[in-house]
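Given next, in structure tokens, is a single chain: the form predicted on its own.
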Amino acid sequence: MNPKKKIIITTALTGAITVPTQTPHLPWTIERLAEDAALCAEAGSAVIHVHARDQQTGAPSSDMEVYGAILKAIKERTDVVICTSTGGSFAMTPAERVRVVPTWKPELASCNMGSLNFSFHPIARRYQDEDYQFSWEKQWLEGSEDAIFPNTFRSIKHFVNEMKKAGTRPEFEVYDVGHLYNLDFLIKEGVVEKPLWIQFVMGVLGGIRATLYDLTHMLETANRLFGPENFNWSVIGAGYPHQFNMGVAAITMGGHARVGLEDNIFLRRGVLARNHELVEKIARIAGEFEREPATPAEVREFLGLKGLENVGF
């Protein structure tokens, strides 16, 4: 795969932030997640990022049976690379979050590189009590104001070691410049090995902002620490219009992009999106810059993944 000509589009289908009240298009049942994954694959997404949700209420879940059912259902529909979340949610323990790796042995899994107050409490201001579809949603949103998303050096080391044992490639999620220094430290400690697959997470309240200046700063820091030949990168822009602003920046700067309802619910201002519509839009923009969506097979070769035949689901 020539990364100058191809772009890896990742779709984060549901996440743990967006609540059902925000959009009727948020998939959280097994069937809807599998259907969305297949539609996104058809639209050009080679990687699908997966969180589990409670099948009755849509609340974030660490239930391994539900997780496994989601993974199997997606695998039955499409050959995309599945990236499981070990971020889970701030309400889960690190042990709950990492359990998906030894249980289901995915090809790719997120690995968060530092602790932060990952907050999305301003979303709650948009709704009145009677607006909420489920009783857990308001408390969930407001509670993030005083919640720490813990990713200590000890837990990161444990996560990486579990991924090594499972043959799972880590996708390093960096929310701020200090997280790159954390990654550099773990390389020097012999915990993490190059080459790296890094995702710059921009625009989360508690992390770095989603601006071109900040993306350039993150990229230049990574180049200085690791050497440009030792990593590839993707970008997340949290919220609208950041998802597309940062995506366009990544397209023009030689990086890759993530879209999806985990990070942004709008196709354009005031218009709620479906996951595959977000993929179609970023793929169309990439095409204007002569970068075509990479296929799952190309991504597997490019990132050195173990292959769909070697997962545990």
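Just so you know, these numbers come straight off a predicted model, no measurement behind them. For every residue, the number given is its place in the sequence shown, counted from 1.
We do not show the form predicted together with a small molecule, though everything after this point is about it.
Peer 1: Kindly indicate whether 118, 201 and 262 are, all three, within 4.5 angstroms of the small molecule in the predicted complex, using heavy atoms.
Peer 2: The answer is yes: all three residues contact the partner (heavy atom, 4.5 Å cut-off).
Peer 1: Should residue 175 be counted as a contact of the small molecule in the predicted complex, where contact means heavy atoms within 4.5 Å?
Peer 2: Taking the distances in the predicted complex, the answer for residue 175 is yes, it comes within 4.5 Å of the small molecule.
Peer 1: With the cut-off set at 4.5 Å between non-hydrogen atoms, does residue 206 touch the small molecule in the predicted complex?
Peer 2: Contact with the small molecule, no.
Peer 1: Any of the heavy atoms of residue 256 lying within 4.5 Å of the small molecule in the predicted complex?
Peer 2: Flag for residue 256 set to no.
Peer 1: In the predicted complex, does residue 49 come within 4.5 Å of the small molecule, counting heavy atoms only?
Peer 2: Residue 49: yes, in contact with the small molecule in the predicted complex.
Peer 1: Going by heavy atoms within 4.5 Å, which of 160 to 168, 184 to 192, 121 to 129, 107 to 115 lines up against the small molecule in the predicted complex?
Peer 2: That would be stretch 107 to 115.
Peer 1: Though the small molecule is not shown, can you say which of 9, 13, 299, 17 has a heavy atom within 4.5 Å of it in the predicted complex?
Peer 2: Of the candidates 9, 13, 299, 17, 17 is the one lying within 4.5 Å of the small molecule in the predicted complex.
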